[in-house]
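Just one chain follows, in the form predicted on its own, and it is written as structure tokens.
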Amino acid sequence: MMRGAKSDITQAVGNTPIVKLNKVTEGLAADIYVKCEYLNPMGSHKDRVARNMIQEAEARGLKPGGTIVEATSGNTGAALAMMAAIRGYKCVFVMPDKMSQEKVSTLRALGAKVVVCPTAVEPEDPRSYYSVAKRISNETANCFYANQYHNPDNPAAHYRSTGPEIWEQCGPELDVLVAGLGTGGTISGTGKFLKERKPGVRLLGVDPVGSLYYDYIKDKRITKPFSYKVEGIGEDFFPSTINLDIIDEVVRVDDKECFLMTRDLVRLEGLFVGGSSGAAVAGAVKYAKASGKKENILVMLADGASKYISKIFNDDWMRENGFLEEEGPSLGTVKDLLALRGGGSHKVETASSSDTILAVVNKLKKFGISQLPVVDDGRLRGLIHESDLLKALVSGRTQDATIAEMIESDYATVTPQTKVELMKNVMNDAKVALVMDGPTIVGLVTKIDLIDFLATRVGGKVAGPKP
């Protein structure tokens, strides 16, 4: 074979460069670098995962001629399709309908069959892309279900490949590794290797508003997930491929932050990356601003921009979804909403899990409200709503029973800095939004609060009591 050539395209996976950011990090004490995983052959870090999963499956007896089935947001599918082309497999991929058309078209171009499922359903719903992929795998003869969310060969790929590669490139000069949280394979596998070499390396996860990870890592609370636009990161369940205990810190970003940073990375840094890469850099910048430390931060850039031309790089799509600033003034932030209704002038009323039904009912009546956050020893446990109390009493509970078993997670958490424009998606999927300033609840927003605020902003203040 000719000197310097690879035997096939799968041998070109890995050895991606590390590049320093300059313009989007101006004014920061830290130096932020990025690892360009989008330069892998199929355009993402999932090339490493697919190669390892197929190699390990073949070592366990998988034979060419079968069918690979997977639930994917696109990148794992593309990487598996590359492996299938070389190794001689057929592919069936199941995707949620929020994914870009470019991703669907890419998989079909690679010869795969693509099944599209609704995004806004629970993971256990038979229509979800997780459930459909599992059903297809059970019904398909000679099938390999890659199952990236629960396959230990996912994080193992990064332990064997990405971790050693980063250590070779950076060595002990690396202080912080940043990655978006999806299946968790990248941060779990890479992080494990790096911490074995340098225990002081900090692992920072970046999670979008609407995903489960942030609240659980911060406070061990499982909140209700809700929809968001950024693709490839965040989850509405907990994959077994993520080691949550290894993560030192988590930062939350919203869709607008993700997409504006993505566009800046392309236009200011020449990095042709996708939305999850923008999310990871936006999270790293937030972390660096808050810490103020002089340290070396490395961010994983998961995939490339070509899959998102019709969305993130389409001004009309960005504008329609509220991600581009209009010529008129912004609607403001949640902090403005709370200030307008006097929400910042008094403490938020709460209950504790040891309170009785009667005590909570009396508090709801006293303050003329319909729900209370439940807080024990300064930690948010969840929400108690009047409908929960009614259901308990109808089912035969006495008024002296405690509310401990009635606490629910049908709420979202936002910050005072969350843009009002983004609250529409939040309130579509949750009864109420709890406003968190760090671990402290500083407000509570219902649908009528949002309606009242928006009506006031466009003129003609809506008067009257709040529910």
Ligand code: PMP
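Numbers for residues come from their place in the sequence shown, where the first is 1. No experiment lies behind these values; they were computed from the predicted model shown.
Another form, the form predicted in complex with the ligand, is not on view; read the next lines as being about it.
Q: If you check 185, 205, 77, 208 against the ligand in the model of the complex, which one has a heavy atom within 4.5 Å?
A: Checking each option against the ligand in the model of the complex, the one that comes within 4.5 Å is 185.
Q: Verify the contact flag for residue 180: yes if a non-hydrogen atom of it lies within 4.5 Å of a non-hydrogen atom of the ligand in the model of the complex, no if not.
A: Looking in the model of the complex, residue contacts with the ligand include residue 180, since a heavy atom lies within 4.5 Å.
Q: Report whether the minimum heavy atom distance between residue 276 and the ligand in the model of the complex is within 4.5 Å.
A: Residue 276: contacts the ligand in the model of the complex.
Q: Taking heavy atoms only, is residue 308 within 4.5 angstroms of the ligand in the model of the complex?
A: Flag for residue 308 set to yes.
Q: Contact between residue 232 and the ligand in the model of the complex at 4.5 Å, heavy atoms?
A: Residue 232: contacts the ligand in the model of the complex.
Q: Spot the stretch among 382-390, 297-305, 312-320, 357-365 with residues whose non-hydrogen atoms come within 4.5 Å of the ligand in the model of the complex.
A: So the stretch in question is 297-305.
Q: Only counting heavy atoms and a 4.5 Å limit, does any residue of 46-61 reach the ligand in the model of the complex, and if so which ones?
A: Contacting residue: only 46.
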